[in-house]
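The data below hold one chain only, encoded as C-alpha cells and taken in the form predicted on its own.
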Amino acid sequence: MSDFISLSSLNIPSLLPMAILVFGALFIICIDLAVKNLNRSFYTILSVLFIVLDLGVLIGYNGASRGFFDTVLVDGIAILSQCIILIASAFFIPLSLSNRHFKEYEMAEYYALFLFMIVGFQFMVSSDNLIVIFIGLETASLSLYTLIALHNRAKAFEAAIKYFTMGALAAGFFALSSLIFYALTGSVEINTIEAVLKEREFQPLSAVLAGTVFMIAALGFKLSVVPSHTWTPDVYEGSSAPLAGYMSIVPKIAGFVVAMRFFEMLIASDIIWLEYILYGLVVITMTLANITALVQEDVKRMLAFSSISHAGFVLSAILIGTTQANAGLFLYWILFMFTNLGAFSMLWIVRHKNNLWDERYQHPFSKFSGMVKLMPTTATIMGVFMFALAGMPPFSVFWGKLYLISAAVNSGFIYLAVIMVVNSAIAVYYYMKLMIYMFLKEPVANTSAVYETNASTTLKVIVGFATVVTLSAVLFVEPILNIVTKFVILSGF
C-alpha cells in the first residue's frame, strides 16, 4: 500500500475560492511595502476584482463536493452562502470611497484584513468539520475586531474591545461544545456526530444537552440571539456605518449556515427539548428586540435592534427545518441584504464629523427632522428602506417574511406564525417613527449642506442600486427562490 496521498484525492480546487482572497490580501500588503501612499481607490478596486474573481471561480466549480482530507464541503448550501458573502462584500468595500477621507481607508491593512475576514466566513460555511469551522470563525472575528478599531475613534476602540471580549467568550463555548461532542462520539465531523448519537439514542442525555447549550451560546453570539445580543447596539454605534451594515448581514449568514448544519440534524432526530429551546429563543429574540427598538433615540442603534429582530425571525427557519423554510431563510437574507445595504449607506452619506444634533449620538432621530423639505430625494429613499425593513408590501423584505410565515403554517407552527405576524406589526412603529421625523416635523438645519459632506458618486450609485432592488423585488423573487431551492435540495436539506 502506498504511503503517498494523491493530489486528485485532496481536490485542491475546492480550496481555490479561499486561496484567491488569501493571495489577494498578501498581494495588497506586498504592494504597500513596495509603493507607499497609494490611493484608496486603487486598493478598493483591487479588492473588488479579487472578490469578483473568487465569485466567478465559485460559480464555475464543478468538482467533487469533498476536498482536503474531507474537511472542506462544497455543497449547494456552501456555494449559495458564499455567493451571498462575496456579493455583500463587493458592495460594502466601495463605501470606503466616501467624499470625506478617513484614516483607515488610506491603509492597505484595512483591505487585506477585509479579505482575510471574508476567507474566514467562507471556511465557516464550506465545512462540516468543527475544527475548520472554529478556525474560520476566529479568522473572521479577529479581522473584524481590528477593522472596527481602525476607525480610530474612542467609541470605535470601546466597540472593538466589547466585541473582542464577547467573541472570546463565544469562542470558548464553541471549543467546549466541540470537546464534549468529540468525547461522546470520537469525531468532529457533524455527519459522524449525528450517526453516532443516533446509534446511542442521544445518551447520555446530560452530556448531549450540555454540548448543545454551549453550541447555542456560541452561535447565538454571532447571530445576536437573546441573551447573547447585548454587544450588538454598542458595537454598531461605535463602528463606522459600512462596517455596522456589514456585521448585520455577513457574519449572520455564516452563523445561520453552521446552525443549520448542526441543529437540523438534531431536530430531524426528533429531539423535542432542542425544539423547545429554539422555539423560545426565536420568540424572545424577535419580541425583546422589537420592544427595545421602540425606545431608541438613535437611528443606528434602532437598526441594530432591528437586525437582532430579523435574525430571530430567520432563525425560525432552522426550527421549522423543512426545505421550504431553509429556502426561505436564504431568500429572506438576500432581500434583507440589499435593503440593509441601502439603509446603512444612507447613514454613511449623511454622516457629519461633528455631533451637531446630540452630544452622544451621530444619528439621533432629531437629526432627520424635516429632511423632506431640505433633501426630498434623500428622505424619500430612506423612507423606502424603512418601509421595506418594516415588511410592507410590495417592498423586498415583505416577500421573505411572507414565505417564512407560510413555511411555518405549512409545517403546523401556527402559534409561531401568529407571533411572527404580531412582531412584524410592532416593528412598523419604530420604522415609522423615523418617517414621522423626516416628513412631519420641521427642519432643525437651515441648509442641506450638513447632510451632504460625505456623499460621493460611488455612494450614490450603491444606494441607487439598493433602492431599485428594494422597489422591484417582486419581479425577481420567483427566480431567486427557484435557484435557492435547487441548491438547498442539492445539499439534502
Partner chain sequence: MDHMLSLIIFFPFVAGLLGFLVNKESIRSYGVVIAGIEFLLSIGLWIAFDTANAGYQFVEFSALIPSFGMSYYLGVDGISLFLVVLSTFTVLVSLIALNIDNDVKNLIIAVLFLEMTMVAVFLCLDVILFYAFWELSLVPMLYIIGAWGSANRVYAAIKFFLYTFAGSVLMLVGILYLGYLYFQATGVWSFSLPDWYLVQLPFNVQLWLFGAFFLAFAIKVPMFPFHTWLPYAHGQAPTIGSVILAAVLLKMGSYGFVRFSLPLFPDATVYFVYPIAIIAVIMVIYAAMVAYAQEDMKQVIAYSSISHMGIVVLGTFALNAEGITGSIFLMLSHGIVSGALFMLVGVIYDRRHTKLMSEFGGLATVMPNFATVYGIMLMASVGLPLTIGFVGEFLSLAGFYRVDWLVTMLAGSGIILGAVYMLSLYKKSFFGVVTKEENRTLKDLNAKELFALVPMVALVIALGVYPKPVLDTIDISVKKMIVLMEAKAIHVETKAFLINANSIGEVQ
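Positions refer to the first chain, counted from 1. Treat the numbers as computed from the prediction; the structure is a model and nothing was measured.
There is another form of this protein, the form predicted in complex with its partner chain, and it is not shown here; the text below is about that form.
Think of it this way: in the model of the complex, its partner chain has a heavy atom of just one of Val477, Val484, Val469, Ile20 within 4.5 Å, and the residue is Val477.
Out of the listed residues Phe123, Phe214, Phe338, Tyr403, Tyr403 is the one that sits within 4.5 Å of its partner chain in the model of the complex by at least one heavy atom. Across the proposed site, Gln324, Phe387 and Ser424 without exception bring a heavy atom within 4.5 Å of its partner chain in the model of the complex.
Contact with its partner chain in the model of the complex, defined as any heavy atom within 4.5 Å, is confined among 26-34, 439-447, 52-60, 66-74 to 439-447. A residue is said to contact a partner when one of its heavy atoms sits within 4.5 Å of a partner heavy atom; Val409 meets this definition for its partner chain in the model of the complex.
The shortest heavy atom separation between Val418 and its partner chain in the model of the complex is within 4.5 Å. Although the partner is absent here, Gly370 is not a contact residue: none of its heavy atoms lies within 4.5 angstroms of its partner chain in the model of the complex. In the model of the complex, its partner chain sits within 4.5 Å of a heavy atom belonging to Met432. Within 4.5 angstroms of its partner chain in the model of the complex, the stretch 388-414 places a non-hydrogen atom from each of Met392, Pro393, Pro394, Phe395, Phe398, Trp399, Leu402, Tyr403, Ile405, Ser406, Val409, Asn410, Ile414, taken in sequence order.
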